[in-house]
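This document starts with one chain, in the form predicted on its own, laid out as structure tokens.
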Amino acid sequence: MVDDPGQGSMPAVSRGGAGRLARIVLLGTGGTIASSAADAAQLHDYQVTVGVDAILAAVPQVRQLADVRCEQLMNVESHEIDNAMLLGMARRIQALLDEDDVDGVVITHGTDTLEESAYFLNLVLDTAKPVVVVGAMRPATALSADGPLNLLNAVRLAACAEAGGKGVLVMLNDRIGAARHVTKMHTTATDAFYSAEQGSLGEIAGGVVHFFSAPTRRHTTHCEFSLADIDALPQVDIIFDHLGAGAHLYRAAIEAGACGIVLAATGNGSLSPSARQGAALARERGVVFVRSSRVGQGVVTDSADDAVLDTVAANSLNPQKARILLMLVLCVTRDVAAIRDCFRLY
């Protein structure tokens, strides 16, 4: 059943030393995987109703894969998570990973902002231990609920020695995604998450973890962002550009105290007349301005405008992930050249 581990595949039950199961902490934050509805055919308008202990109890097969203990961090829809909650989540996960008797961590999370939390953790956690973020697109009460198998596979992945050192991983729909690359690309389908340009890191098939590639961008132990040095995250706003857009949103963001602005621009991070006004105003007021794209895929390349307006190209980060990186970078530096380097490295 098991491929040669040297070929990128690992057995279903793995490490822990001395023949013991891996010791995994399962952290609950809420989301669809913790939700229920009045009817099994109801796939929308459900509510977060159960805790992580109940989620685990519904998948007893997990106990065959790892020695699991649970902890409830919060129990909310993921679009309710704010910066303070995100920081608190990261601090608790880091504390657990620092414990000698913890081999890995799995976090259940709502899918709406899962990619943002996963990328944040990818940049701030100082660990080589496996960290896996998992969710579901259908509530636990639904016909063909996807949460139970996603959870089983997430624990299987976290218990796999080869998952270590690859940064934060996302386990959904049998695919292993890198936090840096994976994004939600469908509103309701169970295969909503893709890494379209970069591809998945691997998959779980037949109870076996298969890795085909590894992340190349800096993450976890190679990052310069330390939770110990961050008291609060700076305000960074995202502005969506479109035909006929005005410059008022840029003025409003700056007046409201934004330290950074991420533009969800058209095409290759193009600056419309209003966006150009906004970038000029941001430069005048010392607000860092990052050009991302609303397109969804591809690299936003450097532009001649960057030298004129001190704007920063987001590389291949979508607007929501560019915001995550910019918040962290602003905790370290306000130098535009250094910020540009970070967007090339992370």
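Given the structure is predicted, the values throughout are model-derived calculations rather than measurements. Start at 1 and count along the sequence shown; that's the residue number.
Another form, the form predicted together with aspartic acid, is not on view; read the next lines as being about it.
Visitor: Just to confirm the contact call: exactly one of 29 to 37, 63 to 71, 296 to 304, 278 to 286 touches aspartic acid in the model of the complex at a 4.5 Å heavy atom cutoff, so which is it?
Guide: Going by heavy atoms within 4.5 Å, the stretch is 29 to 37.
Visitor: Which of Ser117, Asn153, Ser200, Thr111 has a heavy atom within 4.5 Å of aspartic acid in the model of the complex?
Guide: Among Ser117, Asn153, Ser200, Thr111, a heavy atom within 4.5 Å of aspartic acid in the model of the complex occurs only for Thr111.
Visitor: Of the residues Arg218, Arg175, Lys184, His210, which one places a heavy atom within 4.5 Å of aspartic acid in the model of the complex?
Guide: Selected residue: Lys184.
Visitor: How about Thr266: is it within 4.5 Å of aspartic acid in the model of the complex, going by heavy atoms?
Guide: Because no heavy atom of Thr266 falls inside 4.5 Å of aspartic acid in the model of the complex, the answer is no.
Visitor: With the partner left out of view, is Ser78 within 4.5 angstroms of aspartic acid in the model of the complex by any non-hydrogen atom?
Guide: It does: once aspartic acid is placed as it appears in the model of the complex, Ser78 has a heavy atom within 4.5 Å of it.
Visitor: Evaluate Ala136 for contact with aspartic acid in the model of the complex, applying a 4.5 angstroms cut-off between non-hydrogen atoms, and reply yes or no.
Guide: Answer yes; at least one heavy atom of Ala136 falls within 4.5 Å of aspartic acid in the model of the complex.
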